[in-house]
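Shown below, as structure tokens, is a lone chain in the form predicted alone; questions about how it binds or moves come after it.
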């Protein structure tokens, strides 16, 4: 029976650019910057890489299709470069490709890298593209991401009979907490702390989502070099190893959109992928065993529901946990210690690896005391691409030995 890749792959080094309106850099420049930092951290040279996986989503305005642009920009040594696109999970999918390449025995050292350059359009949100295919352009021409995710809030409040004022109060705390954390992070796009009064009183985008309940887009790149534990011990003897404990993906089956199994108040893919990830990692009680998380906070209500979909909070209990500070930086399970999508923005192909970058450095105790998680053992990352009734979810769990 398949047992997954637990403890078979180690992160050798990572890099991450500053995210933001990077008018000063091309997509190729961002790739080179992330790669250079990852190689320096790994203590190897470019010639040591044996294969690469690239995550990028909106290729039309970005770096084009295929792997040639990235390989040319980084001057990789004629190795296979595979481009992956799976919506907002594209970065984690690239990491999964590299990790599975190493775990299979095909390679000793592989690269995962993600990039997206979205601010050059001058448009505030994601550019219009037939991401779900031309048929969906005709079926749902007026659908927007804020409009689709806002319905999670109303469905959640109705299902659990929680007043919308209470749900909105918890959503406000989610955004406030992330801005508190992001203000301390020099690589974040938005570094300004905002008050709960500012968040709650911001202009409405799609009820009940206000301006500060929505993440923006950004430019950025992130990279990870992975290898086997044996190679790591040769290159970095006596140094702690950040190991991959689990990597799981779940994709919608159509049951959410077209049948009556889904109540609209949770994300079924997150529930399925996290169950499999905990089993692969050997985690029995995630509420007690997970030390910290980076989750896909495209909207504050998404993060709220994710706390239950990850089996951390009981159903209907996320607002209480959030408002009691359970997920604050000094809480029991800090969530978005780097500021999350709320403060980094969302360069789609890079976000998943950026989240891993945060868990990796937290597990190695590299961050200053004011934004360090105390004594972390397991870090979890979560991406959600698409919309609530049709999406792809990725879950990754890392641990330090």
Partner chain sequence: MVGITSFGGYVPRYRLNRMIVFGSMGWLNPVIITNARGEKAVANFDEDAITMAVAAGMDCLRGIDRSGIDAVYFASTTAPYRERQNANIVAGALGAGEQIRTADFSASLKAGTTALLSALEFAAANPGSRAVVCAADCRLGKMASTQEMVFGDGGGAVAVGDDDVIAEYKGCYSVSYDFVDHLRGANTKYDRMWEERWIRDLGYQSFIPEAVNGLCAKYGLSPTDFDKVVYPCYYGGARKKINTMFGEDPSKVQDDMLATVGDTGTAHPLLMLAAALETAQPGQKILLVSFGSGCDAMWFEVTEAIAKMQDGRGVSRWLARRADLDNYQKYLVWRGMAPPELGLRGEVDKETRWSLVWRDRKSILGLWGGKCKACGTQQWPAKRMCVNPDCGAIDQFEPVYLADKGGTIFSYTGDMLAASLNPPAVYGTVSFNGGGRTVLDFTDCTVEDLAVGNPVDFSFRIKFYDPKRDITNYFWKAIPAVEEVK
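Residue numbers count along the first chain shown, from 1. Worth saying up front: this structure is predicted, and the values here are computed from it rather than measured.
Beyond what is shown, the protein has a form predicted together with its partner chain; the following relates to that form.
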Look up in the predicted bound form whether residue 256 has a non-hydrogen atom within 4.5 angstroms of its partner chain, and give yes or no.
yes
Within a 4.5 Å heavy atom cut-off, is residue 261 in contact with its partner chain in the predicted bound form?
yes
Answer for residue 142 alone: is it within 4.5 Å of its partner chain in the predicted bound form, judged on heavy atom distances?
yes
Though only this chain appears here, would residue 121 touch its partner chain in the predicted bound form if you measure heavy atom gaps against 4.5 Å?
yes
Thinking of its partner chain in the predicted bound form, which stretch from 277-285, 198-206, 220-228, 165-173 has heavy atoms inside 4.5 Å of it?
198-206
Taking 125, 138 and 147 as a possible spot, do all three reach its partner chain in the predicted bound form with a heavy atom inside 4.5 Å?
yes
Picking from 193, 251, 79, 155, the single residue whose non-hydrogen atoms come within 4.5 angstroms of its partner chain in the predicted bound form is 155
